[in-house]
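Here you get one chain, nothing else, as structure tokens; it is the form predicted alone.
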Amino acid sequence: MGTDRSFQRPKGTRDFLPDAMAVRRHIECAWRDAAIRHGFEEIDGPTFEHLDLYTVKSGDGIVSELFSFQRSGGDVDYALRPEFTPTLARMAAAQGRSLATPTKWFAIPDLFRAERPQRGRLREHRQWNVDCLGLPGHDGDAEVIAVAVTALRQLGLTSSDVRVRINHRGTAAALLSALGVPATAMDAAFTLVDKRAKMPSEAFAKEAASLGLDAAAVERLDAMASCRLPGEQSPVKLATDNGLPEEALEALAGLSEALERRGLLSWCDWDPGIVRGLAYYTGTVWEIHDLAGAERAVAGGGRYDKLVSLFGGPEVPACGFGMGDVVLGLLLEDKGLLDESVTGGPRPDVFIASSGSDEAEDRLIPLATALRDSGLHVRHTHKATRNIGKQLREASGCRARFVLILGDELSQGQVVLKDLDGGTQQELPLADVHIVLRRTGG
């Protein structure tokens, strides 16, 4: 029975047709490869968790931002995971003292947020999470930053496209205290600085004044929150430039040395305006932004040494980051890094074209099967036509490396192999096809 009803995908979600799926796999491949090259191991957890896993960290106010539910007839509250860090902390806490030192984990989960969709932010997205547990000090922070940069570099981005903007929560607190922010207002000050880039100057000044700052201090806070220093320069210069105590920058000076050893300073900026609003951060905080500032942060992370203990485990030094595929995909598209070589998906090694003779038709499927069994990516037409020219165009359209033509030569046990990249062709025995394809990179 027919119906006039049409179905649309839920708001804030995506369909992945082949070209979009190819982009997604391209990004995930760079993520996974970078993490593995740096010695991280892949993990995952359930798509939904108990609701209190999120409220214990973020409070009951987060519930309105989640897709939460109860099983029909049940009384337990669950939520689709909005982030992966609580799952990671729960898993680490369950390991207790048996947790290896260090533990280097990564995951590529789907995450869900019940909020208004907008450019760069959807209700469902895929995110790369990289976490290093048990490695104290700046080496852990520099290590996870190095993983992020490795992936971005592999995707074709450079330090002229994106910047790693770094601060330290202790540094931020010392600077804010030096400006006159009382300890009781420090959390509110962090939140205000975190929002600075999205606020008109008048609104920022009004909220800063509500923290007890006079007009001169508000002006200095605004200047501090807006200034950046290239990574190659000493972060201590931030203090001297803003008339603040140099000891407030000691933590960043140590991180600078760790980043320099890894050749990363040219990717980095020291930025007092980066504080990351989440309260569980305890040290270094950082975000990756495109240089033009056209998109949201590409990635964000930092140090959270008390998070595992919050979920019942031992107190473990920990740091990590998350990088979403939505903003990253927009940035790669804007930079022209998602051409046909990406959106076209994997290239076929060989396209088999049949002349339409009885012998060619008899050989086509068994030959395709044998070549696939040998590990090659093989295609052939599913159209009725056996016109060689049309089949060659189809092979070019799917970006095949070679075309194997089953023509008149087949009666002598020979076939024609055409190299679509080089434009050359050769006649060779049918029995040698898989050997030649392997030797030529197919």
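We number the residues from 1 along the sequence you see. What you see is a predicted model, and the numbers here were worked out from it, not measured in a lab.
Below, we refer to the form predicted in complex with the RNA, which is not included among the displayed structures.
Asks: May I ask you to choose, among V56, I36, C29, L392, the residue with a heavy atom within 4.5 Å of the RNA in the model of the complex?
Replies: Exactly one residue meets the criterion: L392.
Asks: Identify, from the list D44, E41, D52, E65, the residue with a heavy atom within 4.5 Å of the RNA in the model of the complex.
Replies: That would be E65.
Asks: Given the stretches 311-319, 243-251, 205-213, 82-90, which is the single one in contact with the RNA in the model of the complex, using a heavy atom cutoff of 4.5 Å?
Replies: Going by heavy atoms within 4.5 Å, the stretch is 82-90.
Asks: Consider G12 of the chain shown here, and say whether it contacts the RNA in the model of the complex, taking contact as heavy atoms within 4.5 Å.
Replies: Heavy-atom contact with the RNA at 4.5 Å: present for G12.
Asks: With heavy atoms only and a cut-off of 4.5 Å, decide whether K383 touches the RNA in the model of the complex.
Replies: Because a heavy atom of K383 falls inside 4.5 Å of the RNA in the model of the complex, the answer is yes.
Asks: Under a 4.5 Å heavy atom criterion, is D362 part of the interface with the RNA in the model of the complex?
Replies: Close contact is absent here: in the model of the complex, D362 is far from the RNA, nothing within 4.5 Å, heavy atoms only.
Asks: Is there a heavy atom of P18 lying 4.5 Å or less from a heavy atom of the RNA in the model of the complex?
Replies: Outside the cut-off, so no.
Asks: Can you name the residues of 193-216 that have a heavy atom within 4.5 Å of the RNA in the model of the complex?
Replies: The stretch touches the partner through K198 alone.
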